[in-house]
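Next up: just one chain, as structure tokens, the form predicted alone.
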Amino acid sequence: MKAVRIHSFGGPEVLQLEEVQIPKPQPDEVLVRVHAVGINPVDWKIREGHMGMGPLPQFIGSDFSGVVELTGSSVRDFRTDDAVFGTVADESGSYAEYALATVSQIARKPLSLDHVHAAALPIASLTAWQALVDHAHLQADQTVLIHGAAGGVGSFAVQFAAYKGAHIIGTASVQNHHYLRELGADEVIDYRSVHFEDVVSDVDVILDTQGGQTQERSWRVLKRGGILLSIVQPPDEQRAKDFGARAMFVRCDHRRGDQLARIADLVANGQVKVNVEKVMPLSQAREAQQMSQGGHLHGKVVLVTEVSGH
């Protein structure tokens, strides 16, 4: 099979499309014939060596959608030819024609959701869901401020907050304001021309996707007893205490298939949209990562494989 690996850490040029052996699933795993691959920022951070210097060579990628090719000996909930999506097992990578996935980290793909859009869901949607639903316990009578609301995680966060019935304030460049209102934002602030702390106060929940000064300035708009969650850098616990608030660094460490199934139902019912910016062949993994790393995308970059028939 063809798969993308790195033999050293560095720029996009270290991504190598190679012929490797098709892996065999462990008892609790399935072998998936990958149709589509979702690109995430963590992919190029791993490529650059920012996520720990693991053993080389390394397979790259986590998000996928595809069809079960083979099941492990203890797998009972999935069968050959089931269409599934989710994240790969630790020893595998999704930038490949075949990948291994643990059954707890995948869900059945709804018929109304194609492979390209299913592959765009896992890490970004789970990060937003776990931040707002699992950790913040966002309620309908609360106000949430989402920084970088038009980004991959931010756009899902806006939609999940709308699903929960919360009042949503998003920060984004002005060209994204109409887009965010379509997703359900009640107020949108142009971060380039307005200091959000001058126009926002008493917020129950803040989702920080920016870090730095944006995070630091956020404390003053947070209600006492509120919570600041960041997906980019650990918030200062002492600052949280000073403001009588809670703080949490959120990473998608729990890649749960049951939550993906619930999110997929929201997509299938038309309550959540999945935005894909660009679809490219697996052979253009370097260019895809460059697009993702450049930022300012409305949606995900997705790779498709030859085995998918695209």
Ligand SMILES: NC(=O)c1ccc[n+]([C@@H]2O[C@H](COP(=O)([O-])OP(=O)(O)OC[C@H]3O[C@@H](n4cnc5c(N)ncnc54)[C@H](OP(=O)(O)O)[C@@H]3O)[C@@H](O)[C@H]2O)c1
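For clarity, every value in this text was computed on a predicted model and none was experimentally measured. Residue numbers run from 1 along the displayed sequence.
Below: the form predicted together with the ligand, not depicted.
Looking at 79 to 87, 137 to 145, 102 to 110, 185 to 193, the stretch with residues near the ligand in the predicted complex, meaning non-hydrogen atoms within 4.5 angstroms, turns out to be 185 to 193. Using a 4.5 Å cut-off to the ligand in the predicted complex, not one of Pro57, Tyr98 and Ser283 places a heavy atom inside that distance. Within 4.5 Å of any heavy atom of the ligand in the predicted complex lies no heavy atom of Val203.
The closest non-hydrogen atom of Val232 lies within 4.5 Å of the ligand in the predicted complex. Mapping the unseen interface onto this chain, Gly154 counts among the residues with a heavy atom inside 4.5 Å of the ligand in the predicted complex. Among residues of the shown chain, Arg262 is not one whose heavy atoms approach the ligand to within 4.5 Å in the predicted complex. With the partner removed from view, the residue among Ser218, Thr127, Gln159, Ser92 that has a non-hydrogen atom within 4.5 Å of the ligand in the predicted complex turns out to be Thr127.
Checked against the ligand in the predicted complex, the residues Leu132, Leu121, Leu222, Ala172 give one hit for a heavy atom within 4.5 Å, which is Ala172. The partner is not shown here, but in the predicted complex the stretch 195 to 219 reaches within 4.5 angstroms of the ligand through a heavy atom at Thr209, Gln210, Thr214.
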